[in-house]
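Presented below, as structure tokens, is a lone chain in the form predicted alone.
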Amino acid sequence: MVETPITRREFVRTTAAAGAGLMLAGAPALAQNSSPNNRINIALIGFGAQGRVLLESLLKIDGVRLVAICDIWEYARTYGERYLKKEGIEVRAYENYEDLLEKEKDLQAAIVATPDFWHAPITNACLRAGLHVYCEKMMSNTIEGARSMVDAMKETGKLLQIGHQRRSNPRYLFALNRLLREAKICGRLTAANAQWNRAAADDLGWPKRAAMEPEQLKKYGYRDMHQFRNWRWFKDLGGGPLSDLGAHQIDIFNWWFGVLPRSVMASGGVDYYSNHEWYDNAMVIYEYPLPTGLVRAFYQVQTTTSAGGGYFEYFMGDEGSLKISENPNITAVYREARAPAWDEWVRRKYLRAKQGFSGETPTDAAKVDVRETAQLAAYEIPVFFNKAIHQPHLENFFKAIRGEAKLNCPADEAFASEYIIYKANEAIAARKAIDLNMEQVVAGL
């Protein structure tokens, strides 16, 4: 039996109906709940590596005032206070989020950048305290935790943006709206693949003088400092590379195809690191039932080599292919010889000939097997922006708080992408394909 695909519009309509009047996804939620002078007071909860990355973007956004930071590790809190003081910013620092929410009464928003297993309890508490929340992906380390965040968003009517930052990236938005949807440069989409391979790396360490006491670690859910510093690799705390890296890119499959997959199969294992619980290698295939036919999307994350090809998403069609990345040097568009000329799109500045590409046949082309496709015409997307990669997504969040924009990645929509990532890890464990009843998933939101 052929399943009827769920389109992105149908997904939005269903979640919006369940959302007690919230405007979502295609028309995401807006709010008007900032301080009287339109300055938004925020707290940053989690001052580890990702929290510091977000901080660099936060410091560049006008109209936002960081008043408090929170981290269970004194070493991180002290670093944060000293760093911000050098920037001329005085903040109050807290060990736990409960104290922060009890004492900080003039907050409008919180940024949550803790390990995954703390996302749901902290986000839900912040929402119920009346704050809008920007929470890093994954939403949680469990499906139940992620679903509870959607419920809390609906219950409180507050905004909850999930940190799939590509959804606010100007290059991605332009490529989707202008090239795929308007110009239809790929023709009929037939396949997609994405990857984020990386070289082997040592586990994170810590200054021995700064180690937390066993009682404190246990209080916050960690066995020891090694687990605390390398939480991404442990099943009770995170979701492994498929969550950390794949979450960004698998989300692009859902977003750009505009439908949800009907099945997932995967292979992976703990192949390289003997002291980790999560798979360090994974290969995943989703089946997307597009109106034009079934499309398979392949994703891989491998512990291999720094020459592993970089990180990108690649959408292929019968008239062209679009390879896109947060790294503009990797981004390229290729036209098939059978496709109509792209002169109009070049004239309208949707595309331009790729720099350094002459279009001439390489001198060694005669040595290539005659069954191989001829060299393709290569183009680049003329969209560049001089901002950190997280900044546009954070800016979108704050504009939504002021009522000036709609969220680009509200929790309802993020949940559908993250659900299929949890299921990919299940498929690896089960060593078989798993059917995805996305109608049921959406109806349950």
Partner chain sequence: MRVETESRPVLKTTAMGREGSFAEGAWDGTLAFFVLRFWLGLRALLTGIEKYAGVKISEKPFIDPETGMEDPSGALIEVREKFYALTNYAAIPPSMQERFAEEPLLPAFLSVPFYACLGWVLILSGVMLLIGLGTRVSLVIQGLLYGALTVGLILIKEDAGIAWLGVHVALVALALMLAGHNRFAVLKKW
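Positions refer to the first chain, counted from 1. What you see is a predicted model; the values in this text were computed from it and never measured.
Missing here is the form predicted together with the partner chain; even so, the following discussion is about that form.
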query: In the model of the complex, the one of V383, L59, L376, A405 near the partner chain [non-hydrogen atom within 4.5 angstroms]; finding: V383
query: Single option in W255, W196, Y350, Y334 placed near the partner chain in the model of the complex, where near means a heavy atom within 4.5 Å; finding: Y350
query: A191: touches the partner chain in the model of the complex, heavy atom cutoff 4.5 angstroms; finding: no
query: Contact test in the model of the complex: Y273 vs the partner chain, heavy atoms, 4.5 Å; finding: no
query: 4.5 Å heavy atom contact, P170 to the partner chain in the model of the complex; finding: yes
query: Contact test in the model of the complex: R178 vs the partner chain, heavy atoms, 4.5 Å; finding: yes
query: Stretch from 115-123, 150-158, 297-305, 341-349 whose residues place a heavy atom within 4.5 Å of the partner chain in the model of the complex; finding: 341-349
